[in-house]
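To begin, one chain is listed below as structure tokens, in the form predicted on its own.
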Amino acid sequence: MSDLELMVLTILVGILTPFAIGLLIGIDRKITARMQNRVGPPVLQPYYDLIKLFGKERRAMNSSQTVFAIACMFLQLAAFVLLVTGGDLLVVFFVSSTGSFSLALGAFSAHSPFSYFGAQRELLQILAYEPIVFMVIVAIGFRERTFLAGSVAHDLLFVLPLALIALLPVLVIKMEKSPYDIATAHTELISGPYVEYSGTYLAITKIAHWFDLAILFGIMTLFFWDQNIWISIGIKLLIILAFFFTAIVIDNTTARLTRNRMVKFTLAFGLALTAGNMLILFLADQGVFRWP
């Protein structure tokens, strides 16, 4: 594949991925409804919801809430563009994290008890998954000797398998699924940090959430690489779908955890797996044993 074709493919992936995330959310709702013996909404419902929200009147409780919602979307968009164009993974991490904090700050600025509780729970979730994502990026950089996403040119699937598995609870949290649906539980009427957003500004936060998920899926795809671009794309898609369907099964077979248990379990599980994988890799580099 020539450089021009690769550039066109990168642009297409960058444009189509957010739409694909909306489609995945629609498929998730449909599958979840079927597993609960319901018909469920159409697969394209997330797009219908978004169009409907953009058609509503623009209202916000204060200007700060508006600024934080827009900042959240643009920061997640910037992090996604950096990732797709092969930028520094550490920069991607910090820009995306700032976007996540912007969502919580927007909820804090609403001066509403429901929004305040949602923001607190959102911060707890960030505390639970951000250290894991950071450690996974460090593990990739340690193995590849670079943090540039575009320079990851080795198959990491069998070298860092534990680090990849550590991203599963992170995905469940970011998809707002049980047992980690702390901020936006299915059984509660309030919707966490989104509760005081409506209309266009709620649509903006939803788009930011799509980009946030796209970044996590993008990091997962770095674990496989092949010289044949089509094989590479195919396996990357399989990795995404495997994690996506596993998250749906976990959502429908587990009960909601308490906030403290969510933080303790997620951090212990994710950090232990990632640190253990890095230790194995280090010992293998020192010649103690062969890995894999």
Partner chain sequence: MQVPTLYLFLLITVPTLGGLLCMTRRRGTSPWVLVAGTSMITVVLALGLLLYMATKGLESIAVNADELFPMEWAIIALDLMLMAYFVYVGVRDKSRWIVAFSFLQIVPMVIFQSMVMGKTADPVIFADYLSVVMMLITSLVGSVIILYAVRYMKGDGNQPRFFAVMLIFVGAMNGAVFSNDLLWLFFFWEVTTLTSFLLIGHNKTDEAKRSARIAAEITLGGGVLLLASIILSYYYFNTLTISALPSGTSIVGLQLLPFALMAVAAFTKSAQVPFQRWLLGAMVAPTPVSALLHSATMVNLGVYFLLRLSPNLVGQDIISWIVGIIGATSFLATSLLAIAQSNSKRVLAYSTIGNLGLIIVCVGLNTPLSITAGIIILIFHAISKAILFMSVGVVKEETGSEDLDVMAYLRDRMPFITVSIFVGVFMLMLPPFGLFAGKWIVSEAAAGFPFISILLGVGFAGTIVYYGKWLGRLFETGPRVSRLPALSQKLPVLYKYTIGALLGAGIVLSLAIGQVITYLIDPYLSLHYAPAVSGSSLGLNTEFGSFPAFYFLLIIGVLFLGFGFLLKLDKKELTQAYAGGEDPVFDLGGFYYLDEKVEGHWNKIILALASVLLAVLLLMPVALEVFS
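In this text, all values refer to a predicted model and were calculated from it rather than measured experimentally. Residue numbers count along the first chain shown, from 1.
This protein has a second form, the form predicted together with the partner chain, left out of what is shown; the following refers to that one.
Engineer: Using a 4.5 Å heavy atom cut-off, which of 40 to 48, 235 to 243, 26 to 34, 61 to 69 contacts the partner chain in the model of the complex?
Structural biologist: Answer to the contact question: 61 to 69.
Engineer: S109 near the partner chain in the model of the complex, any heavy atom under 4.5 Å?
Structural biologist: Yes, S109 lies within 4.5 Å of the partner chain in the model of the complex.
Engineer: Can you check whether P131 is within 4.5 Å of the partner chain in the model of the complex, heavy atom basis?
Structural biologist: Yes, contact at 4.5 Å.
Engineer: Verify the contact flag for V13: yes if a non-hydrogen atom of it lies within 4.5 Å of a non-hydrogen atom of the partner chain in the model of the complex, no if not.
Structural biologist: Residue-level check for V13: no, no contact with the partner chain.
Engineer: I'd like to know whether L162 contacts the partner chain in the model of the complex, with contact meaning heavy atoms within 4.5 angstroms.
Structural biologist: Answer no; every heavy atom of L162 is more than 4.5 Å from the partner chain in the model of the complex.
Engineer: Tell me, out of F217, F147, Y194, F211, which residue has a non-hydrogen atom within 4.5 angstroms of the partner chain in the model of the complex.
Structural biologist: Residue within 4.5 Å of the partner: F147.
Engineer: Counting non-hydrogen atoms within 4.5 angstroms of the partner chain in the model of the complex, say which of L123, L202, L222, L168 makes the cut.
Structural biologist: Answer to the contact question: L123.
Engineer: Indicate whether the candidate residues V84, F158 and R256 are all in contact with the partner chain in the model of the complex, with contact defined as any heavy atom within 4.5 Å.
Structural biologist: Not a single listed residue reaches the partner chain in the model of the complex, so no.
Engineer: Taking only heavy atoms into account, state which residues of 90 to 105 are within 4.5 Å of the partner chain in the model of the complex, ordered by sequence.
Structural biologist: In sequence order, L90, V91, F94, V95, S97, T98, F101, L105 come within 4.5 Å of the partner.
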